[in-house]
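Next up: a single chain in structure tokens, the form predicted on its own.
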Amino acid sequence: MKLRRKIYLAAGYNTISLGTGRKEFNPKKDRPGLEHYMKEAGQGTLQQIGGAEHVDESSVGNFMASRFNKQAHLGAMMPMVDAGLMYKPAYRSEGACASGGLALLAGIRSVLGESAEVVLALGVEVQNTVKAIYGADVLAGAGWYQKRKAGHAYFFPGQFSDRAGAYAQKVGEEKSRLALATWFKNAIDNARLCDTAQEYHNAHPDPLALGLSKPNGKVFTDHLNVFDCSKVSDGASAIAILSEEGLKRCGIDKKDAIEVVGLANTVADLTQDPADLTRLDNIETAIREALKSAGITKEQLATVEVHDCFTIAGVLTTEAFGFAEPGKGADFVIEGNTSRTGKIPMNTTGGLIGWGHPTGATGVHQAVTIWEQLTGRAGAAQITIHPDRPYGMTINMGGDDKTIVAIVYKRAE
């Protein structure tokens, strides 16, 4: 997709990703609800752009509030975030765990179509309202629900366990397990540098040893352990999508914004199983199209936010990018290439494994992380952005490689 107008993102904000692991989390006590997270994130961005009067419309990403919170119709909740949004257009996008990315895409299209100069994009999910086994049933709606009865009790962990099992057959069990454990370790190392991350308080002395724990199919899945899975998370993220006129309206200098230079949105047939469990074909297609749209190569990327709902998804995405040949992603990760000091740092604030995975918020959170990195706002999590590699990229996935939103950014000039 070619962009006929310059599109910018700025003023990102993340709430805490709340769930097990955070010191504030207590499953026996009342916790903040949907309204709290939407208001905190929305206000966090509005305060950076001069207030709601500068916003033309709002775009909300959410997956399953209608089941987790018995609340739908989230677009109409934006005036609750700020009275200044009253009577202004607002809408919700849903594409399973890619809902946040779709909210960004919807806002980008509004600015491209010149129906808005400033869009407030917000992603939110509050999932700690039900026990994990019931939550697994809710999240199974991201897949082909006709398979639910024949599937694993923990539906999506079971789906990606099958992928991990196939990959272990391909590269060897020992190497595969070490790669997944290394991905987990990197996630924890990065999350410890980000104070809003769910694993920020993780003080275990040896995350690699945790990741190496042998999976037990009798209590969970055959090929993934609990450390291979993103946690149940509550949280929200917000960011402003702006035209050049929007930047001026909000008083934002270009150096404080990132520019969208390429994007892709691809879907695969939800009713069909993957042709090859060891490949993420849809992600591969979206990456190729997004890089083509931006007119760059993967070698020009400084950092990437990938959708590691499970560690195996992270490893397989290195191959989908072409950073590693098929079957060589395990070696690529084990060798440290995806760490914050590696060839291509991935998920510098912990990703879904480390920062957390409030499903509808994830795509927006990824964009906030890239905005922070490319504009030097990432604090302790900041990596070096080399002048010859000025681009960042986000890959937001819904379901098992079914809906993908891939966006390429660079620091605005």
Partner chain sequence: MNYSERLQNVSVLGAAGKMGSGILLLTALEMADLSLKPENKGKKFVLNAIDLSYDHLMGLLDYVRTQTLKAAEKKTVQLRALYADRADLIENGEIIEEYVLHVLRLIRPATDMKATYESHLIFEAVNENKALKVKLFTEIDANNPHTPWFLTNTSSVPIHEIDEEAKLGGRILGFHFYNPPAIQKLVEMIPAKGTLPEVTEFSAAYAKNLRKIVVQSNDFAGFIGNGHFMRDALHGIQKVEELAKTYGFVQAVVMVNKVAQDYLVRPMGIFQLIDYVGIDVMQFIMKVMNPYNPSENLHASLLDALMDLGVKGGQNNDGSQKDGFFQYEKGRIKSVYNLDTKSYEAIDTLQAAADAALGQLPATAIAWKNAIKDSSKDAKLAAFFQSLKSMNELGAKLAIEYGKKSLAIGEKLVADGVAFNAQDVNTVMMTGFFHAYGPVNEFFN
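Every value quoted in this text rests on a predicted model; they were computed, and no experiment measured them. Residue numbers count along the first chain shown, from 1.
Keep in mind that the form predicted in complex with the partner chain is not shown, yet the notes after this line are about it.
Engineer: Taking the partner chain as it sits in the predicted bound form, is D137 near enough to touch it, meaning that at least one heavy atom pair lies within 4.5 angstroms?
Structural biologist: D137 belongs to the contact set for the partner chain.
Engineer: Would R148 sit within 4.5 Å of the partner chain in the predicted bound form, counting heavy atoms only?
Structural biologist: Taking the distances in the predicted bound form, the answer for R148 is yes, it comes within 4.5 Å of the partner chain.
Engineer: Give a yes or no for F220: in the predicted bound form, does one of its heavy atoms lie within 4.5 Å of a heavy atom belonging to the partner chain?
Structural biologist: Heavy-atom contact with the partner chain at 4.5 Å: present for F220.
Engineer: Taking heavy atoms only, is I133 within 4.5 angstroms of the partner chain in the predicted bound form?
Structural biologist: Judged by the heavy-atom cut-off of 4.5 Å, I133 is in contact with the partner chain in the predicted bound form.
Engineer: Please tell me which of A83, A203, A153, A275 lies within 4.5 Å of the partner chain in the predicted bound form, judged by heavy atoms.
Structural biologist: It is A153.
Engineer: From the candidate stretches 284-292, 211-219, 170-178, 321-329, select the single one in contact with the partner chain in the predicted bound form, where contact means a heavy atom within 4.5 Å.
Structural biologist: One stretch meets the cut-off, namely 211-219.
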